[in-house]
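Next up: just one chain, as structure tokens, the form predicted on its own.
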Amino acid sequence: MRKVFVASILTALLLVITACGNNTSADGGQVFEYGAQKNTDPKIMGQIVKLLVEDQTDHEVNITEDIPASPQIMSAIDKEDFDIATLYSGEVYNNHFDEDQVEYTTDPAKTLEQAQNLFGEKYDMKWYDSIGFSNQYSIAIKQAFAEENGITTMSDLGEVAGQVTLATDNSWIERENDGYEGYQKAYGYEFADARGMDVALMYKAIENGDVEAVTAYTVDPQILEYDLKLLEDDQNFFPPYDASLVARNAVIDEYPEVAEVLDSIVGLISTEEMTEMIRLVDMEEQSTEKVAKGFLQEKGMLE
């Protein structure tokens, strides 16, 4: 039933794309389709791609937002309904391939290489090198708590874990490879309590002092908002989710000027920079276009 529901949403979105119809830009170039998931970072990346392509070429980029999840993005690329998107290297571990095809590792370079090879071949697309930012699980604590107890790494946290309550999204407690059970094996300790809750409530809980630690995504703006410290994953437990642009090979082969723009985005944005952009959008309610444009102007890539 869930699959039917998701398929219906995707079909409706693709009908909207088709209804837009005109594939010729105002300057006589092409109109390329960028697909973005629900999270803010792929939406900001869509605006960055759109601004640079339209500034440096005769082409235009149309952005479709709020696609339910990455598999729908990949499916749309496979059907040539999307041309460009932002995806994450750790997706390679989410049952897209047979076990004998994928080697589970937390090494960022090896994970990216597998994503580039496996997804690239399966969907006939180029998976670029990392944009620079990562959106993966981590453990965060208050800066004051970290300083008081001399904590900089997840191993350090083990010294006081018996007095620490951890708040997390509900799925992490049950996840097999990179969930709580695996974390206990990797680090050799458990928390006094681990509570599953909504992400927004999780951050409120640490702000109010109800818990001492949370599982955070590395680009969450609440890390800045609540003065939290991301702990170093010194046992390399969490799999990497490095963000990369992807594009259909047919597009970048036929339009090298577009490939040149996409090349210029590799390594452009650090995790801290993306976190700040998400904060401006989600907490100060600025538009993704305004935030992306301001970032590119600061980098000297746009007037």
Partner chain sequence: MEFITEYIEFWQEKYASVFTYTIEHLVIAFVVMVLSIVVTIPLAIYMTKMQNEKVKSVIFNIANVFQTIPTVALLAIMIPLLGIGFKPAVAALFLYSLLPLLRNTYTGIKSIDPSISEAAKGMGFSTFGRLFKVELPAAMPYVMSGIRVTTVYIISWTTLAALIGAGGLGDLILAGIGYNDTNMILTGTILAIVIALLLDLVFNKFEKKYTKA
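Residue numbers count along the first chain shown, from 1. No experiment lies behind these values; they were computed from the predicted model shown.
Keep in mind the form predicted in complex with its partner chain is missing from the figure; the text below concerns it.
Using a 4.5 Å heavy atom cutoff, N95, S171 and A205 all lie near its partner chain in the predicted bound form. For the options K126, K110, K142, R175, the residue carrying a heavy atom within 4.5 angstroms of its partner chain in the predicted bound form is R175.
Shown without its partner, this chain lists L118, M197, A186, A146 as candidates; in the predicted bound form, only M197 has a non-hydrogen atom within 4.5 angstroms of its partner chain.
Contact with its partner chain in the predicted bound form, defined as any heavy atom within 4.5 Å, is confined among 256 to 264, 62 to 70, 242 to 250, 270 to 278 to 62 to 70. With a 4.5 Å cutoff on heavy atoms, L224 does not count as touching its partner chain in the predicted bound form; it lies far away.
Although the partner is absent from this view, D210 contacts its partner chain in the predicted bound form, with a non-hydrogen atom inside 4.5 angstroms. Contact check for L201: a non-hydrogen atom falls within 4.5 Å of its partner chain in the predicted bound form.
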